[in-house]
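Take a look at this single chain in C-alpha cells; it is the form predicted alone.
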C-alpha cells in the first residue's frame, strides 16, 4: 500500500505517453500512406536514395551508397537523340529508395502505373537499375509515375553514366548527406510557412512531395533564408562555390561558417590547394591591400563540396 499511488501514477503516465505517441506518430502515418506522391516527391525520392542521413551503407555520413542523377539527351541503348530527360542511376548494390522497395507508399494511381507500366517490380538491386519519371493517365487524370528504364528501355547503369558523362552527372543524394552532416538545417529551413514566406521564398511544399524521403530536413529554426526553392532563385554554380568556400566573398556580413574543408586536398585539376596562402590573400583583400579577392578553386569531381553544391542547386 505504501507505494500504491506511485504505481498507479506511473502506469497512467505510461498510458498517456504511449497514447500520445500513437496519436502523434502512428495515426498520421495511416493518412500519409494514402496520399499519392507528386512528381516532386518521386524525383526527390529517386535522387536521394534510401536514407538521406545515417544509414547502414553510410555509417560515417560520407555520401556513400547513393544514386546519381544524370541528364540524358541521347538514348544510351541506341545512341539516337532524345528529348532531354533526368535519369536516376542506381549502380549495382546501391540500396533502392523506399518507393521502389515499398510501392504502396506511392499512393493509388502512382503505385499502379509504376508497377504495371513502369515495371518497377522487376528492378534488381544487386545488378542495379535506372529509373525515370514518366507521365501516364489514371482514372482520366494525368499522373506521374516511376518507370524502370532498365526493363522498359534496356538502359543499364553503366551505359547511362557513360552516355551522360561527368558534366551531366549530379550527386544529389550524396549532397543531402553533406547538408545533414554539416548542420545546414540548423540554420536553414526547407519549409516556407507563412504568407510572407511564400512571397519571398516560394510556395510551400505539399504532403505528397515527401513520399519516401527520410529525413525530411525541414529544420527547426531559421537563422538564415529558407532554401526549398533556392535553386530557382539562384542557379549559379560559381556563386554557390564562392559562398561555400567563404560566405564573406558574396555576403560581407554573413555569419555562416566556411566550408572550404569540403574541398579536400586537391582541386578539379588535381592541383594541391594551399589554404594558408588563400586565406592570407583574402585577408589582404579585406584590409584593402589587394584589389581583387583570390580565385576560389573548383571542387574536384569526387569532393564533398561538389556533392553539397549539387544538392543545393537541385532545390527548386
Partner chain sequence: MLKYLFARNEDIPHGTSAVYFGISSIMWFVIGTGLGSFNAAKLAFPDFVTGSELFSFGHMRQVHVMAVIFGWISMAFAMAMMYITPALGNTRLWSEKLGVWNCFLWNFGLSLALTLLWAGMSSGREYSDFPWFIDLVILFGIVAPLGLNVWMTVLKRRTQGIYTTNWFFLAGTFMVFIVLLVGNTPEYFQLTGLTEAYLTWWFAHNVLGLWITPVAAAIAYYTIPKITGNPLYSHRIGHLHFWSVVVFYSTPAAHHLMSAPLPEWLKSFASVEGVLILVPAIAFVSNLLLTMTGKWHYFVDNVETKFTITGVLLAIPLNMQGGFQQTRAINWYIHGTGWIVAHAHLALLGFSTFLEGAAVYYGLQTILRRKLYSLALANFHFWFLLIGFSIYWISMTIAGLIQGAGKIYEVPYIDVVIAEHPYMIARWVGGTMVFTGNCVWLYNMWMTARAGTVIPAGRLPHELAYER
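We call the rigid core the largest set of C-alpha positions that still match within 1.5 Å between the two forms. Positions refer to the first chain, counted from 1. What you see is a predicted model; the values in this text were computed from it and never measured.
We do not show the form predicted in complex with its partner chain, though everything after this point is about it.
Visitor: Report yes if any heavy atom of residue 183 sits within 4.5 Å of a heavy atom of its partner chain in the predicted bound form; otherwise report no.
Guide: The answer is yes: residue 183 has a heavy atom within 4.5 Å of its partner chain.
Visitor: Look up in the predicted bound form whether residue 137 has a non-hydrogen atom within 4.5 angstroms of its partner chain, and give yes or no.
Guide: No, no contact at 4.5 Å.
Visitor: Is it the case that residue 155, even though its partner is missing from this view, gets within 4.5 Å of its partner chain in the predicted bound form, heavy atoms only?
Guide: No, no contact at 4.5 Å.
Visitor: Flag residue 231 as yes or no: does it have a non-hydrogen atom within 4.5 angstroms of any non-hydrogen atom of its partner chain in the predicted bound form?
Guide: No, residue 231 stays farther than 4.5 Å from its partner chain in the predicted bound form.
Visitor: Work out which of 150, 98, 144, 94 lies within 4.5 Å of its partner chain in the predicted bound form, going by heavy atoms.
Guide: Checked against the cut-off, the match is 98.
Visitor: Among 40, 280, 266, 251, which has any heavy atom within 4.5 Å of its partner chain in the predicted bound form?
Guide: The residue from 40, 280, 266, 251 that makes the contact is 251.
Visitor: For the chain shown here without its partner, which stretch in 82-90, 117-125, 210-218, 162-170 has non-hydrogen atoms within 4.5 angstroms of its partner chain in the predicted bound form?
Guide: Result for this chain: 210-218.
Visitor: Any residue of 148-170 with a heavy atom within 4.5 Å of its partner chain in the predicted bound form counts; write them all down in order.
Guide: Heavy-atom contacts within 4.5 Å come from no residue here.
Visitor: Any CA movement of 2 Å or more for residue 12 between this form and the one not shown, core superposed?
Guide: After core superposition, the displacement of the residue 12 C-alpha between this form and the one not shown reaches the 2 Å mark, so yes.
Visitor: Using the core for the fit, does the CA position of residue 22 change by 2 Å or more between this form and the one not shown?
Guide: For residue 22, whose C-alpha is compared between this form and the one not shown after core superposition, the shift is 2 Å or more.
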